[in-house]
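Let's start with one chain on its own, the form predicted alone, as structure tokens.
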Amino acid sequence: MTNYDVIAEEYKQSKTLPWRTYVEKFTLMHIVGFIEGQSVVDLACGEGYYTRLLQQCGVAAVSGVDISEGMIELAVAEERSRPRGIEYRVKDISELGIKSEYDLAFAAWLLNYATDVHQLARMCKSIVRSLKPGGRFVTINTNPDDPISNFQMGKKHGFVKRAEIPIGNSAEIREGTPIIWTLSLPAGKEINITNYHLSRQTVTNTLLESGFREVNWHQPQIDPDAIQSDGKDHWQPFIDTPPFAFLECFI
């Protein structure tokens, strides 16, 4: 499990990587769409990068929740420096203890930290309980269908993946297999983030069994400005063999 307290500042820096801006952020915010006047919670909010973006969408209220004290400290420091009326809390997503409070639950990477289906179910049920009737959950997740042969795809973009498969096992990804992302930072540093593989069917079924009535998987989209500046070929691998996927769930 990744200790974000130790890499809080470095992970904050990783948000400046172009793929995170032109693919991750562009797609997530496109799916989020019009949320003016809504009540929003940013789950696994980190240092508040997306929490602040969501606040700028004219929402009625937005709060951020993260299990890492180090990440929340960075978010609170930014709020003190530039007050936006955002509340941040240190909390395990599986134990939110919130009932029917939000129109939208948002998460830039969350379900991928579940080590097994039981932990995933606890997360999903907690999210469902936090939403009002008709509420939505929008998130990005490691693409469970991404083959090992594609794990080096993002090298020129500043990331690679590897599967932590025990010696002696067949070279295949199973439920719960750790997937290590290595992010290359602008200053030449690297950080490792551990995700866990759960199949698309497992994730979909668990979301539905937890109370969501509809689960939609979305392909990445590329910001047209990035295509214009870098060329279509530079970004096409994110479309052809996406390393991550997006979900939009309704209750």
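The numbering used is simple: start at 1 and walk along the sequence shown. Keep in mind that this is a model prediction, so the values were computed, not measured.
The discussion below concerns the form predicted in complex with a small molecule, not included here.
- request: Could you check which residue among 120, 93, 179, 86 gets a heavy atom within 4.5 Å of the small molecule in the predicted complex?
  value: Checking each option against the small molecule in the predicted complex, the one that comes within 4.5 Å is 93.
- prompt: If you check 185, 59, 67, 31 against the small molecule in the predicted complex, which one has a heavy atom within 4.5 Å?
  reply: Residue within 4.5 Å of the partner: 67.
query: According to a 4.5 angstroms non-hydrogen atom cut-off, is residue 54 in contact with the small molecule in the predicted complex?
result: Output for residue 54 is no: heavy atoms all beyond 4.5 Å of the small molecule.
field: in the predicted complex, residue 1 touching the small molecule (heavy atom, 4.5 Å)
entry: Answer yes; at least one heavy atom of residue 1 falls within 4.5 Å of the small molecule in the predicted complex.
- prompt: Does the small molecule come within 4.5 Å of any heavy atom of residue 44 in the predicted complex?
  reply: It does: once the small molecule is placed as it appears in the predicted complex, residue 44 has a heavy atom within 4.5 Å of it.
- prompt: Applying a 4.5 Å heavy atom distance criterion, does residue 159 contact the small molecule in the predicted complex?
  reply: Heavy-atom contact with the small molecule at 4.5 Å: absent for residue 159.
message: Whether 137, 213 and 247 jointly form a contact site for the small molecule in the predicted complex is the question; each needs a heavy atom within 4.5 Å.
response: Checking in the predicted complex: none of 137, 213 and 247 is within 4.5 Å of the small molecule.
Region of this chain that lies against the small molecule in the predicted complex, out of 145-153, 125-133, 104-112, 77-85 [heavy atom, 4.5 Å]: Flagged stretch: 104-112.
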